[in-house]
Every structure is written in structure tokens, then in C-alpha cells.
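In C-alpha cells, one chain follows: the form predicted alone.
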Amino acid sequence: MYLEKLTLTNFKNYEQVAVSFNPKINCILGLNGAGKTNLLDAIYYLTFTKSAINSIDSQNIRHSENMSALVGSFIGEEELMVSCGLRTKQKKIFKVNKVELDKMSDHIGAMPLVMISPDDTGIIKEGSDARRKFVDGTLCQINKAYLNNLMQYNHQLKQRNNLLKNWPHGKPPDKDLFAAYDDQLCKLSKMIYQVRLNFMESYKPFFLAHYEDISSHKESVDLIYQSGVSIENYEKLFKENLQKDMLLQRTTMGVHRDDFILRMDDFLMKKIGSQGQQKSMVIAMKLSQFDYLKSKTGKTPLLLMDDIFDKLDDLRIEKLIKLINGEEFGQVFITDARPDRSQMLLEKYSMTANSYLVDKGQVTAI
């Protein structure tokens, strides 16, 4: 499936724009701050029902306006018209072929998408929650049961944590009351853990192969899944941990504590990796996400690549361009603040592509 046409009204810095795209490669060119990333975010919005950048919907409405609209025409086995309407202080309206969605989550995964952005280095540099978010974002596109279990787990966890924070100081805990939360959290933890474990078995080979290719076998990397749920007698230990949880006022065991450890040459990547190596690892992770989604759904995901050339040496850039120009990839969107570089790469590798110049909220085919 590919995006044939995108129409934006009052979305971020765009007042009114309509763009038709190439089914293969699309280069979005322009100076920093021109709105290249906003164009990719609009595509992301139509697939995930939310922005990749602004979690508050009203922040995606153009300044001084009170409404915004996004419309995308997607072509595949069937044509899909996807639209989203935003109004300040009102619930957003999301439609597929003019039929309003009852639940936004029903749309997740209908059109698989992978986005690579400069902020993705946070997957390496930040805490475990960033890495869990990446894994969960992948699994939720293909596994509705996992999405529902994760939402239920987070709801139960929030309620238990609120109970811990508000429990009267010095009063013994009501074990029956906590047991109701504990049983649910332990049950959901085991189901979530098993899906993540299965994910790692399929995903890791893709990841290792992509990093080796991008780096030309210069470094050895690894990805390790760590979870307290894997320990023996997990449920018993979880309940015995109540006194510690009461003291710290938060739940200290469960899949919300899982981590996915990224290593290079037996050291933590975030400790020793250069900017180029860290970006190479992020790109390898996202391309592996692409392969994983494609293998599980039979659909070729859209690939959005925002400012990916920065911090990469020429060899890694060429490796990446050769890869995305292959037949295994479908529609690709690439942003670049250096039009000369992109045009040179397009010519060098005879790439089938459209190029667009973004300037002051306008998009012009070049």
C-alpha cells in the first residue's frame, strides 16, 4: 500500500496544501524549520491516529486557527480514504472511507508504518521506558490482543500506584484489596512477557544483519531482553514485595520494568558509541522493525526517514541508500536539508523518485 495523495488544512505550519506522491521514493527537501518533518508527521498521524511529536491534538492545529483537517488517499488491494478532523476543545473525528471510527485503536496496524527521526537516538541514550515504547509500538501494529493487554496492564498499574501513594501512613495494607490488583497484574505480565520474548526471537536476527551491513562489519552488537517476569516464583515474589512497594509508593516489579539492552563490543552502546554508531544502531533497529512488520503482516510498511543522513559517514549513507532502493522496500519518504546531496544520490543510483521543495508552508514538485 502507498500514499497517493495528501491534503492538509491548517495542520501545523501548513495553511492549505495538496501533494501527490511517487509510489516508490519521495525526497522532501528544504531548510531547517521549513516544515519537512511536519509533512511526515501528517502521514504518521493518518496511520497511528496521533502525532509522533505532539501528544496534545490541539497543538497540531495551525497557530491562530481553531480547526485542522488531514486527508490521505492510500492505494493497495483496496483504496482507503483516511481523514482526521481536529477542533480546539473538541474530540477529534477520525474516518476511514467516510465511516467514523468508534475506537482509535481499531485503526492501528491497518497501514503498517516505520518512522526514523533524529529523536530516535533516545532509544539508546534514555531509560528503559524508551526501549519498551519502541517494542510496544511494533507489537501493537500487529497484535490487537497485545495492545488490549498492555492498555489493561497500564490501567491496573496506575490504579495500584495511586493506592500505594494515597494509603494512610502507618496503616497496615489491606492484603485482600491489593491481591485483586496483584492477580491481574501478574496474569497480564506473563502474557505480555511471552509476546515480547517471542518478538525478540524473530526480531533480533533482522537487527544483527542490518547493523552488520550498515557498519560494513566494523563493530559487533547485541540486543538482550531483561525481564523480572522470567524469574522463578515471580507471582509469589511480586506479592511479597508489597512492603517495599508501600515504602517507595510505586509498583517495583512487572513488565513496566523490562529493558532491552543494546551493546556494542560487550559494552553498553550509550556509554561508548559515537554519534554515527548510535545513529547506525537506531537505523538498524528501525529497518528491522520494517522487516518484522512485513514478515508478520504480509504488508510492506511505509517508511519515513527524517534527516537520516546527519552524523553518518559517506560509506554508511551509501549502504543505506542502496538498501532502500531495493525491491523489498515500498514507498519511502526522505527529508534532507541539503538538496544537493539528495539529488546527487538520486542520480548516482538511478533511483525512481519524486522531489519536493518545502518553503514557508508550501510544497512544490521539482
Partner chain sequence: MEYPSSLIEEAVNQISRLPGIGKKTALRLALHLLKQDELETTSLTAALAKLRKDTRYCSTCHVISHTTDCTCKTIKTDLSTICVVEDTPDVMAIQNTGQYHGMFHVLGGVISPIDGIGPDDVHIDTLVKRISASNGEIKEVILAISPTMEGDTTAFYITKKLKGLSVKISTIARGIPIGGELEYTDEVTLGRSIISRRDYHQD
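Please read all numbers here as calculations on a predicted model, not as lab measurements. Positions refer to the first chain, counted from 1.
Quick note: we don't show the form predicted in complex with its partner chain, though the next part is all about it.
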Inset, instruction - Name the single residue among 174, 78, 100, 265 that comes within 4.5 Å of its partner chain in the predicted complex, judging by heavy atoms. - result: 174
Legend entry - in the predicted complex, the residue from 197, 224, 237, 180 that sits within 4.5 Å of its partner chain by heavy atoms: 180
Legend entry - Which of 251 to 259, 278 to 286, 145 to 153, 113 to 121 lines the interface with its partner chain in the predicted complex (heavy atom within 4.5 Å): 145 to 153
Inset, instruction - Please check if residue 159 has a heavy atom lying within 4.5 Å of any heavy atom of its partner chain in the predicted complex. - result: yes
Inset, instruction - Although its partner chain is absent from this view, report whether residue 163 comes within 4.5 Å of it in the predicted complex, heavy atoms only. - result: yes
Inset, instruction - Please check if residue 184 has a heavy atom lying within 4.5 Å of any heavy atom of its partner chain in the predicted complex. - result: yes
